[in-house]
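Given as structure tokens, the chain that follows is alone and in the form predicted alone.
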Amino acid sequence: MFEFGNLRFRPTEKEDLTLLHEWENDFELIMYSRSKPLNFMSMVQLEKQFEDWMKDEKHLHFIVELIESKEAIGIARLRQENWGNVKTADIGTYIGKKELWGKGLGRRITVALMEMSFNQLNADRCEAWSVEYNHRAHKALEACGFKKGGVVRKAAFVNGRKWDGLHFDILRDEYLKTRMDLLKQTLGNKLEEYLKKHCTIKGH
């Protein structure tokens, strides 16, 4: 498990599938949760997907929960890739509790995923994908230092029209330049506690 401020990232367990089934069949939630929104996933499909996750050691799936209450509030994922001998971490998240939208949790989770990627897995770069209309996700990524790297035109069909897919990325050196500021902004008075628990990136 990985703790970041008041959030805990724990592996997805089979017992979580009932909650995931609820989230994955919420139209509004899924519309804003990924770069190519899909909706209506059966429990059988989720169970098959879960079995596939368990076989893939490079694709990490987390339930994000509040440490104090142990309440599950969303999911986070991190897929490790190695293209041309460059280590890449493809990250993504969504907040399943819609009453918590707009409270900065997406940004906090994104910084935590970058910490896992750069500080624990030694990635060279992080990337994330989003659909054109998901401005809240774009804002969170850019606030964490991601830059829009490209556009896949008309890549998603949602609500009767086609939308572009947007690609964002951040390099390790870029993250290092802003790391402490991001940690201070997202962890506040829990920063020192975090730094004591986790080995810091070389040079920082």
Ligand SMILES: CC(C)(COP(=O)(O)OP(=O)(O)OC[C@H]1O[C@@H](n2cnc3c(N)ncnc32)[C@H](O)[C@@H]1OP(=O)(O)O)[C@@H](O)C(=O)NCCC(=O)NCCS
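What you are looking at is a predicted structure, and each value in this text was computed from that prediction instead of being measured. All residue numbers refer to positions in the sequence shown, first residue = 1.
There is also a form predicted in complex with this ligand; it is not shown, and the following applies to it.
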*Taking the shortest heavy atom distance, is Arg79 within 4.5 Å of this ligand in the predicted bound form?*
no
*With a 4.5 Å heavy atom cut-off, would you call Phe118 a contact of this ligand in the predicted bound form?*
no
*Quick one: does Ile95 come within 4.5 Å of this ligand in the predicted bound form, counting heavy atoms only?*
yes
*Does the 4.5 Å heavy atom contact test between Tyr32 and this ligand in the predicted bound form come out positive?*
yes
*Proximity to this ligand in the predicted bound form (heavy atom, within 4.5 Å), stretch among 157-165, 62-70, 43-51, 131-139*: 131-139
*Along 70-108, which positions have a non-hydrogen atom within 4.5 Å of this ligand in the predicted bound form?*
Thr93, Tyr94, Ile95, Leu100, Trp101, Gly102, Lys103, Gly104, Leu105, Gly106, Arg107
